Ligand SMILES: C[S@@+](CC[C@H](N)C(=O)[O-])C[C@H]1O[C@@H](n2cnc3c(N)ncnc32)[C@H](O)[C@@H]1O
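Quick heads-up: it's one chain on its own, the form predicted on its own, in structure tokens.
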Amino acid sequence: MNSNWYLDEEFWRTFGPLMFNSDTFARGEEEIGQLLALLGTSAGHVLDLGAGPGRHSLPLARSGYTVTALDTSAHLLDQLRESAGELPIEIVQADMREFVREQAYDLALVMWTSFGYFEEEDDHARVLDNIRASLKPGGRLVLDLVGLETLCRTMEPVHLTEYDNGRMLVERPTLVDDMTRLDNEWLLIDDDTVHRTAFSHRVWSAGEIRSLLTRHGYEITAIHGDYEGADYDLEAERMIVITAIG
């Protein structure tokens, strides 16, 4: 398994259209509306890490925010650039493990499980330290994750999705390493062609992510089960972690 799968442009070219389609963009706009209402903010400079083609950057900019959209994938950022037009979005191709702008942002977002890509625990720590340095005093970080509790309830050994164009995606997820990582094998069947990939992702329980963030200087203000502020419990579909710094 390629530990740097997220740096593979061919992965995004092949599987990106399944992740970033009209339905997921519509959900992204709805998620941002709900999240901004939950946060009670109306303006500011936002850092969107792992922004991809702009599922969340675009509605943020349309809502009046100045956005820095950061991703490693030139392929995905080209799509964002085409969609952004004159919107106030700065597009940056960089690795979140390296990117720091001292006290530049009011809000940082790492959405759609983009926090957790790395194999080394120190890399996640570096990202948190970089974000903290990049936030203004009183700034906030929001992590959008799938918690271990949710995976234990919902994960299937094999999941099949059939698309309108006839393509089929087979997913084979497995929790490994004492249930701290999710390994996934994807097979995309497109007529007579099968595209195969495998990738791994760090997962945390609510208690584990709380401890990690606290160690890196964040104050946890809430952990919700959705973008509207539901309790994080055994019925939660997402784990929305809201933090603040002094």
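Note that residue numbering follows the sequence shown and begins at 1. Please read these numbers as outputs of a predicted model, since none were measured by experiment.
What follows is about the form predicted in complex with the named molecule, which we do not show.
- Contact annotation for R55: at least one heavy atom lies within 4.5 Å of the named molecule in the predicted bound form.
- With a 4.5 Å cutoff on heavy atoms, A51 counts as touching the named molecule in the predicted bound form.
- Not displayed here, the named molecule is approached by D95 to within 4.5 Å at the level of heavy atoms in the predicted bound form.
- When the named molecule is considered in the predicted bound form, L80 lies well away from it, no heavy atom lying within 4.5 Å.
- Remark: all three candidate residues (F20, L70 and S73) come within 4.5 Å of the named molecule in the predicted bound form, counting heavy atoms only.
- Proximity to the named molecule in the predicted bound form, taken as heavy atoms within 4.5 Å, picks out 105 to 113 from the listed stretches 105 to 113, 150 to 158, 165 to 173, 128 to 136.
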